[in-house]
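One chain is shown next in structure tokens, namely the form predicted on its own.
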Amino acid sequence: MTELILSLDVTGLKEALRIAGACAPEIDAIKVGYPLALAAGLGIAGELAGFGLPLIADFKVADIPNTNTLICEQVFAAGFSAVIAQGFPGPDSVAACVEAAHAHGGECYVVAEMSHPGALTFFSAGVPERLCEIVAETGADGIIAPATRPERVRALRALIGKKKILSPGIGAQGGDPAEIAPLVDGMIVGRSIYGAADPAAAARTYAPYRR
């Protein structure tokens, strides 16, 4: 199944709850990043829990292993279901996130490539491939790969096999859901849903791509 994940990058608690409540029947999970977490605190997980959807902490955790463990322990204690980490600090740092996630019955995803043009400055020349190796080595649950570059998603899928791929960049950044949905396990959509006059209606437009 290809899930629809709402990237809830707003900075107001009331607005976040309004959008999440409206969209809940049309989506499969909610991703919370720094804009909302910094505005509302980790308690936002408890506020969103009532909608009955998995919550992904998009904190792109990237520190030494001990600090990563401490961060992830807070994430899962707050009620999140998954965490997103960076792989470039190395396999020991990723392993710390994976171990914390699995200890709480959660998941850990590693950024293999990002969706904006400037990402190619460093996420290139074999780096994403090495990050996929780290995912395999550490037992991470999957990767983040860009809907804006479907050819790269195909290439990375060949490396990670049945592990999950969550893919941002659909909508506002130009990613085509019809092209990317068959390649991934989760479509991450933000601005084209939460910025719409009717977020629920906007979310429903992705229904044909959820399978």
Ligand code: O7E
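These figures come from a predicted structure and were not determined experimentally. In case it trips you up, residue 1 is the first one in the sequence shown, and so on.
Although it is not shown, the form predicted together with the named molecule is what the next lines describe.
Chemist: Can E113 be called a contact residue for the named molecule in the predicted bound form at 4.5 Å between heavy atoms?
Modeler: Heavy-atom contact with the named molecule at 4.5 Å: present for E113.
Chemist: Can V135 be called a contact residue for the named molecule in the predicted bound form at 4.5 Å between heavy atoms?
Modeler: Close contact is absent here: in the predicted bound form, V135 is far from the named molecule, nothing within 4.5 Å, heavy atoms only.
Chemist: Considering only heavy atoms, tell me if I188 and the named molecule come within 4.5 Å of each other in the predicted bound form.
Modeler: The answer is yes: I188 has a heavy atom within 4.5 Å of the named molecule.
Chemist: In the predicted bound form, does A82 come within 4.5 Å of the named molecule, counting heavy atoms only?
Modeler: Although the named molecule is absent here, A82 would stay clear of it in the predicted bound form, with no heavy atoms inside 4.5 Å.
Chemist: Three residues, I144, I170 and Q173; all within 4.5 Å of the named molecule in the predicted bound form via heavy atoms?
Modeler: Spot residues vs the named molecule: full contact, yes.
Chemist: Please pick out the stretch from 93 to 101, 127 to 135, 71 to 79, 114 to 122 that is in contact with the named molecule in the predicted bound form, where contact means heavy atoms within 4.5 Å.
Modeler: Of the options, only 114 to 122 has residues within 4.5 Å of the partner.
Chemist: In sequence order, which positions of 1 to 36 have a non-hydrogen atom within 4.5 Å of the named molecule in the predicted bound form?
Modeler: Going through 1 to 36 in order - heavy atoms within 4.5 Å of the named molecule in the predicted bound form - the hits are S7, D9, K31.
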